[in-house]
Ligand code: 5GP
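Here we start with a single chain on its own, the form predicted on its own, put down as structure tokens.
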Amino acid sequence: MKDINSGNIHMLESMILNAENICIVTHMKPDGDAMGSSTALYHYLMKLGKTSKIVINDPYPSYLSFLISEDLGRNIITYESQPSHATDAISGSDLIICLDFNAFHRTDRLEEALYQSTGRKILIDHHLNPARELFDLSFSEIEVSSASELLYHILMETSVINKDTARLGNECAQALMTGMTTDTNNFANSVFPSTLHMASDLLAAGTDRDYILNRIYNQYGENRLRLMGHMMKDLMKITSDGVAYIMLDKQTQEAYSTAEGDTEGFVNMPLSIAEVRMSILAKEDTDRIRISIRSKRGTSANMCARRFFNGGGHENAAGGRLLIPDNVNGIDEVGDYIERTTHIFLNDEDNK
């Protein structure tokens, strides 16, 4: 990991030591990796005697609430409910640590405040094409499973932790394990040798993985399971090119009382079908269609997302969006768009 070197670690520790007001920022619609890495960093900073604020654009999913203690909850600011408080926290910080996104636009309504901030900025991210010019210090590595894994390896090199996983503390370790677990879909994708080393070290240090798995995967409402059945039985379509896609409109989301995070992992399920090469979940939002793409080895979800869905990500796990009316006029046109563009993509010699 080229960015994790003694010079960068020394600079990181110096920037934290000299900061008086620290703000942690992650991407819009925060998932397990976003909140896992953010809360883990919060606990590490607490160990250093530094109080920080976590600023997010949207509320975090309820299934991650076990990571949020009462004290930590008071230091999480959500733009959706406290817009001025969120932007003030960013503008009033002399150090901003950005986790799990590669450019400011991935924070949605926090983008302008980040651009206007005069505070020093640190990037910790695992996505392609980082906007390094926006940051004073960058840790950008794509050969890791998650931002949580990257943060783990960074923290291991700091003078406070000094390669001793036990020094992280239970709350920090638990958050890191959670973020890595969710971003790999419980070790189903984007797993590297370093990922397994991290998991082994955290387990050896006493992290309760069984508790984490129970909280991540076994605390949903009945509506999620019923929605899953409806999506797989009635909404999933499979094209002759081996693309499974599901369109989830607002009406269906409301009928099943779908909350943020309730569809986590659904996009992976069609890949269990032998003839399916790629799986796409299209979820209707206020002014856009959110796209999640997963693929089997040999088919690039990242390249497809970049070419046709205004997004990107990892080779076999990517995301994006369709803009209304720039790309489609509404959810009713998404199926035709997916079938047309994926046919082009999968039959283009440049993508094989």
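A residue's number is simply how far along the shown sequence it sits, counting from 1. Only a predicted model underlies this, so the values are computations on that prediction, with no experimental measurement involved.
There is another form of the same protein, the form predicted together with this ligand; it is not shown, and what comes next is about it.
Contact between A318 and this ligand in the predicted bound form is found at the 4.5 Å heavy atom cutoff. This ligand is not shown here, and in the predicted bound form it never comes within 4.5 Å of any heavy atom of P61. Remark: S292 counts among the residues lining this ligand in the predicted bound form, judged by a heavy atom distance of 4.5 Å or less.
Within this chain, R106 lines the site of this ligand in the predicted bound form, having a heavy atom no more than 4.5 Å away. The listed set R307, H314, K53, K283 contains one residue whose heavy atoms approach this ligand in the predicted bound form to within 4.5 Å, identified as H314. Site annotation in the predicted bound form: the residue of H127, R224, R277, K121 reaching within 4.5 Å of this ligand with a heavy atom is H127.
Per the 4.5 Å heavy atom criterion, this ligand in the predicted bound form is contacted by stretch 292 to 300, the sole one of 323 to 331, 292 to 300, 38 to 46, 63 to 71.
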